[in-house]
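One chain comes next, on its own, written as structure tokens: the form predicted alone.
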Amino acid sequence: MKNLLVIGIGAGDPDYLTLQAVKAIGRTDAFLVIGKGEEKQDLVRLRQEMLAEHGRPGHRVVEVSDPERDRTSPAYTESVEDWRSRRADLFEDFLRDDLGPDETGALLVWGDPSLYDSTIASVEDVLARGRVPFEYAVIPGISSVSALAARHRIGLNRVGRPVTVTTGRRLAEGLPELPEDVAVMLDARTAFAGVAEADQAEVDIYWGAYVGTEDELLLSGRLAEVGPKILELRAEARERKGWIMDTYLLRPGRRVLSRTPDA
């Protein structure tokens, strides 16, 4: 039986690899590395460094390009499902063509595979097709949310209160009605800028980009004061590198956050 490991490799710092992840990398015969274009070669380089340090002698690396994804379609769920299916095709090809009987293959996943990542869903798709028999396991990793909290030296939740983890897309559609802390990922829209001006003076933001890497940017404070600076830093970083990965926590002091009508 072929085996597949879905390995969470953390938010960027090679030292974020857990001991379990290091052991899993060390027993893997072949790795499928999905590239994300020339702009994000830094991400490929970081994976290569991890494999050079922890991979077993003679391990193989299969590199493929990530399928194109339509991020402008109003049918968001359908476009994501289509993208996952085409990713599943890559996984199936890897399992069928690049792994021998009883060999172990691995997928290296940024952050944690269980938090806003599609890898597990695509692997389940391949399993449901039934054309390539295999078993798989998931190795958890340090998420960008956990890394952000550690770098800012804060807890994600306050005593006896929950924290919501969501995406920039969902945040832009409407902020939570409850007075809880909100951790935001995948925010291409800078949704925090849509918080009403009256609320910004009472909301703290803890923001980080490229957390755990040599390009790391961190900023925190009252949203009204540091929000414009974050927008400026973010735009500069995106222009310089061609891409950006950032995460932030909103910590409101008032009962309800509202949005400006045109945000």
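All figures in this text were calculated on a predicted structure; none of them were measured in a lab. All residue numbers refer to positions in the sequence shown, first residue = 1.
Not on display, but discussed next: the form predicted in complex with a further copy of the same chain.
Stretch-level contact check against a further copy of the same chain in the predicted bound form with heavy atoms at 4.5 Å: of 136-144, 98-106, 85-93, 188-196, the positive one is 136-144.
A residue is said to contact a partner when one of its heavy atoms sits within 4.5 Å of a partner heavy atom; residue 16 meets this definition for a further copy of the same chain in the predicted bound form. Although the partner is absent here, residue 180 sits close enough that one of its heavy atoms falls within 4.5 Å of a further copy of the same chain in the predicted bound form. The closest non-hydrogen atom of residue 116 lies within 4.5 Å of a further copy of the same chain in the predicted bound form. a further copy of the same chain is not shown here, and in the predicted bound form it never comes within 4.5 Å of any heavy atom of residue 129.
Within 4.5 Å of a further copy of the same chain in the predicted bound form, a heavy atom is found for not a single one of 2, 57 and 125.
Contacts between 88-110 and a further copy of the same chain, taken as any heavy atom within 4.5 Å in the predicted bound form, involve no residue at all.
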